[in-house]
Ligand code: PMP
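Given as structure tokens, the chain that follows is alone and in the form predicted alone.
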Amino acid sequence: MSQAAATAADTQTPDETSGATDLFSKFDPLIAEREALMATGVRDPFAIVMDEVKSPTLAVIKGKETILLGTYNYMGMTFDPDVIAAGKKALDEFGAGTTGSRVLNGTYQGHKEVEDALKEFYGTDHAMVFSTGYQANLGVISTLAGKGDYVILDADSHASIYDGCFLGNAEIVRFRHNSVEDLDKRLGRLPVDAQKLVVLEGVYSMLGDIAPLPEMVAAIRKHKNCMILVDEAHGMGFFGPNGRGVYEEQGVEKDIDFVVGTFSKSVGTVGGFCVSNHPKFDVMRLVCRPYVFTASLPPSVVATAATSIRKLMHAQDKRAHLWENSRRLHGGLKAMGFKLGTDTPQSAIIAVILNDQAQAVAIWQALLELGLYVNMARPPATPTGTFLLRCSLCAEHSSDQVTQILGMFEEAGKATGAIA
């Protein structure tokens, strides 16, 4: 054995020399796939750092000014002067954090104010704020539906919805994505007297498509002991006359028992919530483990959220401009020959579908070098063999920026052979 070989053998870990496995071994295929991708010389799509953020639509990435088309800052509230001022004021008056949960020392004036703002925004009797949107689904679903209960959910539901089912130990029943017929059929197979929670999403974040809520509600109400929860994370702010979400837009507000949402999209900060008119809803504050055992949001965060929510009540012009942006981008990309997630623009999310990871990464990198950031999604977040360039529009994208974005997609698409 050469000296170099002997040295290499001496420095190998027990795992490398013996073939032994540990708890990380199950990730070896993913590690190998990522290393092979990086060996081609591309940037890591999942390790982008924003060196500077100039506005809701502009950032600096590796020294280059870049248009942001991969955030969920739908209403552009992150740089709103009133929102920022409210956060600074709360930071000065209440400090950096609460160091406690809501049921102990972690409820400040601001937490009540943001819950009041939510009740006013949604027109509900109750509102409960969580530290993240993920935690809102985790907490509400796991508390409402436990062992012996059933959660009926769309197969394309967000990970936080699935995790809420697992935490609560409820029986999970999946139905085909957006299939009213399959939802009705699966409900009909369940025990009549069992308690059931049907979980729907207004906007599904991968493809940007919306749920047919009136038809789904009608199917659900044919069955006994069903309550309905709608996740409006990606619908709040710009769907409906008041911006409440798809369920308001489609006229089923009175039929929905719980609405879950997040502050990390249209509201422009971080946090999650659930609103409801159920008369017993407040008991959730005593029995919901992810609420009881988590530190509450910092005062500056709830202050920015409350201010943003109240401004979103009067954001009709922003909503109109966001929809104009969505129609222009969807129509332009479709005309170029890109395959999109929906035939028509259904939300602020427009997904470009690709069947080859190498091509998806190549287009993603070409766009980044041209000065445009979009998100790339891959399995298991997407179906096997499907890769997405997921565009998320903002009400603050100017018409000129949308024109620039279309030009960048055309250049990148032709350079990589994705379009003719």
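All values reported here derive from a predicted model rather than from experimental measurement. The numbering used is simple: start at 1 and walk along the sequence shown.
As for the form predicted together with the ligand, it is not shown, yet the points below apply to it.
- Stretch 265 to 273 is the answer when you ask which of 265 to 273, 107 to 115, 208 to 216, 308 to 316 has residues with heavy atoms within 4.5 Å of the ligand in the predicted bound form.
- Residue contact with the ligand in the predicted bound form: Thr124 places no heavy atom within 4.5 Å of it.
- The ligand in the predicted bound form comes within 4.5 Å of no heavy atom belonging to Arg244.
- Among residues of the shown chain, Ser160 is one whose heavy atoms approach the ligand to within 4.5 Å in the predicted bound form.
- Under a 4.5 angstroms non-hydrogen atom cutoff, the ligand in the predicted bound form lacks Tyr150 among its neighbouring residues.
- Contact with the ligand in the predicted bound form, defined as a heavy atom within 4.5 Å, holds for exactly one of Trp323, Phe94, Phe79, Tyr72, namely Tyr72.
- Residue in contact with the ligand in the predicted bound form (any heavy atom within 4.5 Å), chosen from Pro345, Pro298, Gly341, Gly133: Gly133.
- Contacts with the ligand in the predicted bound form, taken as any heavy atom within 4.5 Å, map within 225 to 261 to Asp231, Ala233, His234.
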